[in-house]
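In the structure tokens that follow, the same protein chain appears in two forms, which are kept apart as structure 1 and structure 2.
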Structure 1
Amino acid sequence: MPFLNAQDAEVIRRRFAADLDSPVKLLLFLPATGGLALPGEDWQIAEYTRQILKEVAELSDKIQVEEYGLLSHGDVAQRYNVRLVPAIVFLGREDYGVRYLGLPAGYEFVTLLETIIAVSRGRGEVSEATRSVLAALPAAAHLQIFVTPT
């Protein structure tokens, strides 16, 4: 059964057509083995994530999904600093350092869509005051934002 119904898919398709700018590549990192869950790996969650990304990518030719195995493509995982799966790496004109760990469903589906759009545009929706603080940051900041789908 598809994740998106036809009506929602159409709304998202129109939003993407209006708001996407540069092409976006979503790198999806999956558990090591197809169907065989290793301890700590939930293949079903990975499978749902894959399904959602597939359906989202079908709504715009600017969105492309590439799948990698955490172990079978260890070099790629390392390059993008991915250690846990499922993980989505969002690439726009460059790697802005944005990752999503887990299943972007429920309320977090909106997060997925908004992140795709922001990465495509290469800028977020922040004020000039925020931009000037960010420009003056003397060192790196790594944020971990813990969320749940509800």
Structure 2
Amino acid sequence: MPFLNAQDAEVIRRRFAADLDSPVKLLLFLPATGGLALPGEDWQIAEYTRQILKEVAELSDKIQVEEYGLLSHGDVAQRYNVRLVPAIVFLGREDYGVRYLGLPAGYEFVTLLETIIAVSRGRGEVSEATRSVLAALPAAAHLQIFVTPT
């Protein structure tokens, strides 16, 4: 069963057509890409994440999804500093360091769409006041945002 209904898919397709500037590659890291699954891995969340990204990527030729197993592609996971799954690495003209861990469903689905658009544009919608605060930081910062399903 599709995650998106036809009406929602069409709205997103139009939004992507209007707002995506450059291509975006989504690297999806899963517990494994085939074969044996380790005990304790939550395959249901991984499969939902895979399905969501597949459907989103079908809405624009500027979005590409690549799948990697955390263990079977350890070199790629290490390159992008991925240690937990499911994880999505967003790549635009460059790697902006944007990662999403978990299932981008519910209210977080909008976060997925907005992040794809921001990475495609090469910039996020950040106020000038926030830019000033960030520019004044004495060193690079590692920012993590945690959400819970509602």
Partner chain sequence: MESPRVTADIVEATEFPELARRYNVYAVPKIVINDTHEFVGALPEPHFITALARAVIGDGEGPLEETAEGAAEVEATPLDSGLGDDDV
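Residue numbering: sequential along structure 1, first residue numbered 1. Model, not experiment: these values are computed from the prediction. Just so we're on the same page, rigid core means the largest C-alpha set that superposes within 1.5 Å between forms.
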The form predicted together with the partner chain is shown as structure 1
Would you say A17 moves its Cα by 2 Å or more between structure 1 and structure 2, aligning on the core?
no
Would you say A141 moves between structure 1 and structure 2, meaning its CA shifts by 2 Å or more once the core is fitted?
no
